[in-house]
Each structure stands twice: as structure tokens, then as C-alpha cells.
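First, one chain by itself in C-alpha cells, the form predicted on its own.
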């Protein structure tokens, strides 16, 4: 007879690793299933670093979740004895009265988030490291920075295993079902029984949950690392994370200071990318070849706004965005016949900073059917006509 787990988590990447930890530390029996190894570059978390910030232009309703996320990041750092969050601040810039900048100001006002900037007549040495057009304004959010993605995931998995969670790698889910007796999951290696099921499968959520194509669009994103001729002024001790929007161009360019944690190819590199959905793709058939058309606009941006960071190209990589219809997350417990199933998908390129709190939310929903954390605006029913 097969053992019955309290909770089965499908996808032990960003959100799944955190969910396994939060469930197992509460004493639940947990099985995590990951189709690849723990930490890989086929999904959304590849590329070593992600920005974390509070003055959220996407929607101010995220900010209470971010407050909790910061607390939970401190917790896993203590549990793992690893430094995951690096506080560098984040520098924003763009044309005066640009909608994104105005939304940052409004979020900061609503939640009393410290924000310096030219709109207040402030000056900061960071401003002098950027070449900005005369009609641009800038802002600095000091209590922001970056997270180390692989270190975070490995820390959560290790902590979950210490709490007796079973994590199985390189095991692909083929099918699943939920019924009045529980849940059944069949993989390419075994069959499992559980009481509750959690999906944190990132770009593979569409296939596993049979989502309509318009509800989850997977796009290919390109990351670039360069080695400045003089990296010291752009190191994390002297330079912030940053996000710059330009005239009549959707999305924005963003990047990270030089730091020396990373792969052999990227260590000591200055990382930048373009935050806007790229070409649609299938997660099983992603074109990982990097062409000049993928990087020319990134290098052109450097030349215009950060000429001191140009230099030898150290590495290029791809990652994936899992874009919901409105680019907001979906975190919910499914209703009706599927009331044993909790889902988290559609993080739309801005989800990693929430990993530490999403795991807690998923544990609440799977264990109790509800959470006290404010996620009403992220419900799955909002797309139904």
C-alpha cells in the first residue's frame, strides 16, 4: 500500500521549495516532485539574481505581502545561515511624470516607504553614475536590493528536508486526479497518494492544469552580463540595482551591480535585461541560442545610459516569464470538485521577491483552505466571464 502524504507539491523551484519548507516546519508530511534537478536554468528562476523592492508600481495591494516577504527572507537566512538578500537600494529613472514613476511615488506615499529623488530636490552620488536625458527624473528606494535565487531555493529545500519533507528530483508528473478520497499523482517513475495537492510548476502549469492558452503565455527572456573596464564603481558596495523606463517604449531596462557570487562565466559581471514579455515559446521547446538581435538593444541601452558598464560580454542566458492575462499572480485554492488543489501561477516576471511569503500562503491554503494574508486580488476566478 502506498504511503499517503498530507501534501504533494508539484514543482520544487521558487515557490514550490518555499511551500515545502512552510508545510514541513508545521509538522505536515510533504512530498515535493521536481521534473529537473533542484535549481536549473530551464524555467523562471535562472540567472542567479532577482530584484526585491517595496514601492510597487505594479499595484499597491502587493505591498503588505512584500512586508511579510521581507520578514520571511530574514527567517530563512537565519535558518540556513546563508546571506540571500543583498541590500543595495534601487535607482529608478525615466521621463518626468511617466506613469510608472508616478505609481512608485503613490505606492511610497500610501505605505510610507522611504524614497529620495529629484522630485524632492535631492541629490545622490548614484545619479552621477548614470547618463540621463535632461527631461528625466530619478528616485532612489534605499531599502531594496537583490536576492540570490539558487541559494534561496537550495536553502528552502535543505530546510524542508531537515523537517522530513521528501523531495524527489528528475521525476516528471504525467497525470493527476483529485477525488473525494484524496489526490493521486502518477510520474514517470512512481505513483503517489496525498490528501492535498499544490501546483507550483511555473511555465509547465498550463499543461498540468489544462489552462486556456490566453490565461498563461510563456515568453523567452534574455539576460546579459558584461565586464566593465573598471568594475569597482559598479560593485554592490558602490552601486545599486536599477530600473529605467524610456520614451514611448513599453516595459523597462533593469540590472544589478557587479558582485562576485555566481557561475564561472558571470562572476564579477554587470547584469542587465529588459523587463517586458519577449517572444512566445513552449517551455519544452525553448530556443536557447542567443543572437545579436537579442542583445543589440541591451548594449545600445548601456551605451546611452550606463557607458561605464560596457565591456567584454561575459555571458548570455535565457529564462522564462509565465505571463497571466493581466500580469498579476494567481494564488488560490480551487473550488468544487478540485477543492483539494491549491495553485500558484502567472508570476509574470515579477514574482521571485515574493517566494518567501507565497510559500507561507500556499501552506495556509492547503492546510486550512484560507489565509489571513491579503491575496483576494490574486484569485483564480477573476478571468471567468
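Positions refer to the first chain, counted from 1. A quick note: this is a predicted structure, and the numbers were derived from the prediction, not measured.
Quick note: we don't show the form predicted together with a small molecule, though the next part is all about it.
- Here the marked residues 60, 359 and 373 all miss the small molecule in the predicted complex; none has a heavy atom within 4.5 angstroms.
- Although the partner is absent here, residue 198 lies well away from the small molecule in the predicted complex, with no heavy atom inside 4.5 Å.
- Though the partner is left out of this view, residue 204 does reach within 4.5 Å of the small molecule in the predicted complex, counting heavy atoms only.
- When contacts are judged by a 4.5 Å heavy atom cut-off, residue 350 counts as touching the small molecule in the predicted complex.
- When the small molecule is considered in the predicted complex, residue 35 lines it closely, a heavy atom lying within 4.5 Å.
- The candidate stretches are 121-129, 295-303, 219-227, 190-198, and the one lying within 4.5 Å of the small molecule in the predicted complex by heavy atoms is 219-227.
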